[in-house]
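A single chain, nothing else alongside it, follows as structure tokens in the form predicted alone.
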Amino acid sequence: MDAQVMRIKPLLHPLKGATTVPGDKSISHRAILLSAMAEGTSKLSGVLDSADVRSSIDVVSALGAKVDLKAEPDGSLAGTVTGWGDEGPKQPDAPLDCGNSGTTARLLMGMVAPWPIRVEITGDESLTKRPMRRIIAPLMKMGARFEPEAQENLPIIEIGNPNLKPIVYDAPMASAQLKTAVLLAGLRAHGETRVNEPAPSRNHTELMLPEYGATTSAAYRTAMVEGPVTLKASEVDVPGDPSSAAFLICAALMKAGSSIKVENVSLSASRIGFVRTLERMGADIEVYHKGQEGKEPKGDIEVTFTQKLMGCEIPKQHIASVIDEIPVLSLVAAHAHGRTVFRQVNELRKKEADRLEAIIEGLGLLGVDAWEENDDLYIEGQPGLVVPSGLTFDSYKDHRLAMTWALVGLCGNAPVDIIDFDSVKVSFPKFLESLEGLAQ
């Protein structure tokens, strides 16, 4: 299929007012998957309606969960999921296609591991290039089997084992997907399964599992579950996705005269590292806590256009908390005074696209010096950046790259073309409409 090109034109007015963003993608995935594993019928609302989340819905449906989620007027999904509980998932009659969703594929491996079924897990062209060995290795230690055994990528066949062993696993990288896969497998193992990480990663799983009746503990860089346990149905109202909010917030910082509030956003400390980074750059930004959904903190983020932003250094221990926002933070850094350095960002190479290479390429089109050295990303800011006319950016079918380069056109002085802009449907289908609505 030929690549689709979308022309993005500058917004005519500053961004003003209050808005919301779609449901958090990470929490939406987990709400679907944990509800599918649980005994009984869970009630869900605010679920992100995106291509990635629909991959999770399709996979658990193929495994025997009954999903009855309907589109709401605000574009979210709401309804019920009836899980398989103690009966376990059924043997699917076809490969489980995870589409473009790495979260679906990796968490699925942990879900399947303790059950006597044999499943083939696959995905689209992009997903079949992404690393899976990091998940396979600890699950094999617990007793699950994979064919071919030395396989790094999808497609792969997983053979579950009802007699999984609990393990203490020292993860080689901070990865919420790795941690969650091991914890989900550990729910059926007899004893304590623990994951230790070199740096903190997203903690949605540890916050949500007790809502489904599991015994867990979580501390700095470590998480544990006690098995065996059968999850019990729960009720989840998914707050807004801070990663989606980051694009609106960064747009306001780059569009003169803007001042916006993004409401009802997840404020999990593991997810708002981008706010702390923008604060260090001098951004006029405030966070207001407005309560909790289960154990997930939520609230509002207010931001006002800031004339002078300064470059800063983001140390390696903070990278996991900003990993999905680095593309758009890099664009903000391109407008700042001085140099910005993101330390140890090799994980960017293992996303939907090689985001590290794509960021350097895209900023280069803008005439901004950006380079990689020893897995660190350097960006020399260029205050007063003028967008050259006639630019075309390649999203490489990566939703976060598509939105980042769209902001060049929306907040700049000249239109830009984006190849495969349609990939925004993975996480923020109404991205353009949201920004245009704020610019009335």
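All residue numbers are counted from 1 along the displayed sequence. Fair warning: this is a prediction, and the values are worked out from it, not measured in the lab.
Note that the form predicted in complex with shikimate-3-phosphate isn't included here; everything after this is about it.
Novice: With a 4.5 Å heavy atom cut-off, would you call residue 324 a contact of shikimate-3-phosphate in the predicted complex?
Specialist: Although shikimate-3-phosphate is absent here, residue 324 would touch it in the predicted complex, with heavy atoms inside 4.5 Å.
Novice: State yes or no: in the predicted complex, is some non-hydrogen atom of residue 176 no more than 4.5 angstroms from a non-hydrogen atom of shikimate-3-phosphate?
Specialist: The answer is yes: residue 176 has a heavy atom within 4.5 Å of shikimate-3-phosphate.
Novice: Does at least one non-hydrogen atom of residue 134 fall within 4.5 angstroms of shikimate-3-phosphate in the predicted complex?
Specialist: Answer yes; at least one heavy atom of residue 134 falls within 4.5 Å of shikimate-3-phosphate in the predicted complex.
Novice: Consider residue 122 of the chain shown here, and say whether it contacts shikimate-3-phosphate in the predicted complex, taking contact as heavy atoms within 4.5 Å.
Specialist: So residue 122 does not count as contacting shikimate-3-phosphate.
Novice: Considering shikimate-3-phosphate in the predicted complex, which of 50, 395, 35, 26 comes within 4.5 Å of it through any heavy atom?
Specialist: Of the listed residues, the single hit is 26.
Novice: Which one of 351, 298, 194, 255 is close to shikimate-3-phosphate in the predicted complex, taking close to mean a heavy atom within 4.5 Å?
Specialist: Flagged contact: 351.
Novice: Heavy atoms within 4.5 Å of shikimate-3-phosphate in the predicted complex: which stretch in 278-286, 168-176, 138-146, 186-194 meets that?
Specialist: Every other range fails; the passing one is 168-176.
Novice: Taking shikimate-3-phosphate in the predicted complex, which residues of 99-121 have any heavy atom within 4.5 Å of it?
Specialist: Heavy-atom contacts within 4.5 Å come from 103, 106.
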